[in-house]
Every structure is written in structure tokens, then in C-alpha cells.
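Presented below, as C-alpha cells, is a lone chain in the form predicted alone.
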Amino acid sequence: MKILVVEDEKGLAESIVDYLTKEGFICEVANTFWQADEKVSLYQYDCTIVDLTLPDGEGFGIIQTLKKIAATTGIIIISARNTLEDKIKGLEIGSDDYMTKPFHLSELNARVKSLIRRRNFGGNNDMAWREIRVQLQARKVFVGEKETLLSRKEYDLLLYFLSNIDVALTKESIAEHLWGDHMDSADSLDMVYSHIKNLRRKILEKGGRDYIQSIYGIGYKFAAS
């Protein structure tokens, strides 16, 4: 799952990213309004964490941009501003949650996970599709009743596919989802092929079906039929 952290306090932003990365998230940071506005216009995120007070604009403007482009990301506001008016405005224009600074990173992590479960997986801790079952909290995957050990990237790739059944995904979009800002340094397209080959092999070895289809000139699709 991919997170955008919009926070101008670099120390706090680094702490959030370090904590969430250890929890298995892919994180990107925007320290200014315009960095954030550009990122949300170009890329998709599962959750966006937004500070309201930025050096060159208001976090409310980022939320309005997300709603204008009909982004599917969940939105959590983090702010030192504790007025009822700010909380009501944030919720009314489209945020899902509001946390007042200071806060515990463990609570932010729990709220991010809860929000992603509600938005992407119907609030469930388990995700099941055909013979494939994923325990989201434990990050475990089963094919039939057999546990299938996946690397972190293979796990992220499987969730991306399961969230986009029958959707044609370009190699570039898969690479951007797996590596975020670091996709250029990952030999991304070759690595996408390698991770897909390994994921397909591991599912087949446990008795699952081959749902991954190559689409010539485009990328891949996790097909229901």
C-alpha cells in the first residue's frame, strides 16, 4: 500500500515515513503545497496524510485537488490546529479522519490501516478471491489451505492485482506502485517482470490457477476468467 505524507516539518515527516515503512508501506513525502499538488495530480495513493499548515499554501487545498480529480485515496489530516471549525471543514470537504498534533505514531499507523481496510477491502482483515486468501494484518497469503511465502514486493504486487481484477495495468504503473519515488533506480521494468514471474510460479506451486495475463504492448492483467 502506498502512502503520501504531506508535512513541512522534515523531522516529523521522516519519523512518520520510517515508522510506516517498517509496517510495510511504501511512502513518499511532499514538504510543500506545490510538491503535494503535483504528486497527487500525477500519481495514485492508497492514503494521503495531510498537514494543514504548509509554507506555501493550505492543506485544505490539497484535499480539494484530490476531490476535484476524483482520487480514490483515503485522507487523514494531521494538524496542530485544534479548533472545531477546522475539524468540521476538513471532514466536510472530504477528509476521512483528523488527528491533532502531537500524536503517537502507533495510533497514526492504526488509523491508516483501518482506513485502507475500509476503502479497499470492505473493512475486513482478510481478503479472499477464488482460492487465494490474504491475511492483511499478518501479511500472510494462502493458496487453498497452503501458506505461500512471498517477498515484500511480491506481496505488494499481489494486493495491487487483487485490488484491480480484470484491469489492464501498464508496466510503468506497476513499477510506480512498487517503488514510488525510487522506481527509476530499481531497473523497474525488468524487476516487474521478475516479480511477476516469481509470483506466478509460487501460486502455481501451491495448486492455484494462473490468473496473470500478459497484454502485448501494455503490461499485465489479473484476469477473473
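Quick caveat: nothing in here was measured; it's all calculated off a predicted structure. Don't overthink the numbering: it's just position in the shown sequence, from 1.
The following text describes the form predicted in complex with the DNA, which does not appear among the structures shown.
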item: Which of 149-157, 100-108, 73-81, 130-138 sits within 4.5 Å of the DNA in the predicted bound form, heavy atom basis; value: 149-157
item: Residue among Asn31, Ser163, Gln64, Ser194 with a heavy atom within 4.5 Å of the DNA in the predicted bound form; value: Ser194
item: Three-residue site Trp179, Ser214 and Tyr220 fully in contact with the DNA in the predicted bound form at 4.5 Å by heavy atom; value: yes
item: The DNA contact in the predicted bound form: Asp56, any heavy atom under 4.5 Å; value: no
item: Residues in 199-213 close to the DNA in the predicted bound form, defined by a heavy atom within 4.5 Å, in order; value: Arg200
